[in-house]
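As structure tokens, one chain now follows by itself in the form predicted alone.
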């Protein structure tokens, strides 16, 4: 198998997988129990908190663990909307880019346009922020489908000048690029996107919104529910294994793909070095199925939309049509091995 779907989920780092298995047997206690096994579990959680915080260059006191990025995004956006309503007494709007993950889009009242590369239009952002009743702006660090990076410093500045909170889903950044200085008030991370376990994430910020889940004192009173200690411990270990990637393989892959007739989505914009979204003259879902039969795991875009057989909202926002093939990888993946397989698949489909 050649695994080229790392943006959907990365295979676990061996060190993180080992830590998870070890924690399942060695950390049975509830971290809120007063006995020694409870204290041992609590120490593991706090160690993970320190490690996750170090990844993004924040103090550990800002980190709260969640069940994943979807919960963290819901907490950030619903919480900030509720806080704004309580302060102002009127409607409070959530703004986002038109290319956000569905877990953000479903919370938003207004989707701001992007250009043909998939980069948010700053003039539109500025105009939207100047309208009354804005509770928060949410823009992802890197698009999960195209890998396009958004202008976070400029967005943070526009929000800061108006006193509006800025939330950033940074789930795709760790393990691809450095993420130690992201200028957002609230950050979302997902463990399984960076080589950790599924079912764990984090919301990070100096001033967290009101809790989404209540009923217990866990996570310093901000998120009720027993902490999933093995997942959190493994998450922390995985963050220490993140290293930025180079883009040489991406350049080689895309040069060869263009020789096969591909259009590279987001070309010309800053992008993640591990992501190539390619649009061919053949439907992307057929290409992905044919690649799968040859032992290559790829996708047409976001995993949450798999099987929908409809065009991506990201492509529509960029003014494009069709189903692309998204290839995304992690360190030490022999990416270029896909090229002869892709060429053979395209030849078969075109001749058919």
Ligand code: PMP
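Small disclaimer: the values here were computed from a predicted structure and weren't measured. Numbering follows the first chain given and starts at 1.
From this point on, the text means the form predicted together with the ligand, which you will not see here.
- Judged by heavy atoms within 4.5 Å of the ligand in the predicted bound form, the contact stretch among the candidates 262-270, 218-226, 166-174, 115-123 is 166-174.
- By the criterion of a heavy atom within 4.5 Å, residue 70 is counted among the residues contacting the ligand in the predicted bound form.
- Contact annotation for residue 234: none of its heavy atoms lies within 4.5 Å of the ligand in the predicted bound form.
- Residue contact with the ligand in the predicted bound form: residue 276 places no heavy atom within 4.5 Å of it.
- Contact check for residue 140: a heavy atom falls within 4.5 Å of the ligand in the predicted bound form.
- Only one of 146, 239, 190, 97 comes within 4.5 Å of the ligand in the predicted bound form through a heavy atom, and that residue is 190.
- With contact defined as any non-hydrogen atom lying within 4.5 angstroms of the ligand in the predicted bound form, the contacting residues in 77-116 are 101, 103, given in sequence order.
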